[in-house]
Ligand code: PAF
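One chain comes next, on its own, written as structure tokens: the form predicted on its own.
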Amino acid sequence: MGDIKVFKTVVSIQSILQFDYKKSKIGLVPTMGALHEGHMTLVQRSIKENDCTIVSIFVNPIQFNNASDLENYPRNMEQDLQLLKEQGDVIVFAPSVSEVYPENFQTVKLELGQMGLVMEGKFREGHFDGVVNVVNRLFEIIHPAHAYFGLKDFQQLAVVQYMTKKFALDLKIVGCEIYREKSGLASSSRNQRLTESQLIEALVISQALKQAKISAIDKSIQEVIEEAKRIFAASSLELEYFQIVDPTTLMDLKEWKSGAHACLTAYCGEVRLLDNLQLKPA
């Protein structure tokens, strides 16, 4: 069992970092809580690569474009802390909304161009404005050397990497592989909202992606997309989008290229799930 320190204010977290970890290399794992094994792989990597690991737990209201989604987002701080204790020594930063966004807070604006208008940017208006502001704010507070993000949120990772470059921030963004359950389902905090039967129904997501990778060997992009749509049409899930994109620009591809990525979002009941898979070697 590790030692867990929990801080809820900016002043308290900055104080301990300034005095107890002044010359330490800090790793940051930003989360919205409802932690799972996927998060733990990020935490473990940070512990291995840094002197000090901070896990932020903050459900960021400004990245939700759906009030009920924000209200229903799973929260269980006690369970989160227990899971983190099993990993090793970790500092937890669990601020309130007023700590992250005080009265004098000045929002930052990053022009994402087409990157912010496709996929999640298209279906969740304002989402990436919220992501950019909360991640930049966490970086300002903690000043990490490394920040760890899961590849399940493929577009979010691309946006954060772009933001870091545009703002000339002095840290490294580390993308970590998707952690999947034995069933193939990508680990997600939202999985906690699924019933047992829905957990089985949701497997069509990873199955469709695996089939897309096989089909990409000898089929066109459009043929792969149409096949995926048929797979979802025969399931109980409602497909929101299935796109094959350039891994850097996130623009739709017409022809295959190295690193081509399939990205999708589908609803299982009222729960919105997203996943992705690289179809061509980088």
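When you see a residue number, it is the position in the sequence shown, counting from 1. For clarity, every value in this text was computed on a predicted model and none was experimentally measured.
Form predicted together with this ligand: not shown, discussed below.
- Residue in contact with this ligand in the predicted complex (any heavy atom within 4.5 Å), chosen from Gln87, Asn191, Gln156, Ser206: Gln156.
- The partner is absent here; in the predicted complex, the one residue of Asn60, Ser215, Gln243, Ser235 having a heavy atom within 4.5 Å of this ligand is Asn60.
- When this ligand is considered in the predicted complex, Gly27 lies well away from it, no heavy atom lying within 4.5 Å.
- In the predicted complex, this ligand stays beyond 4.5 Å of every heavy atom belonging to Ser46.
- In the predicted complex, Val134 approaches this ligand with a heavy atom inside 4.5 Å.
- This ligand is not shown here, and in the predicted complex it never comes within 4.5 Å of any heavy atom of Met40.
- Picking from 245-253, 223-231, 27-35, 46-54 the stretch near this ligand in the predicted complex, with a 4.5 Å limit on heavy atoms, gives 27-35.
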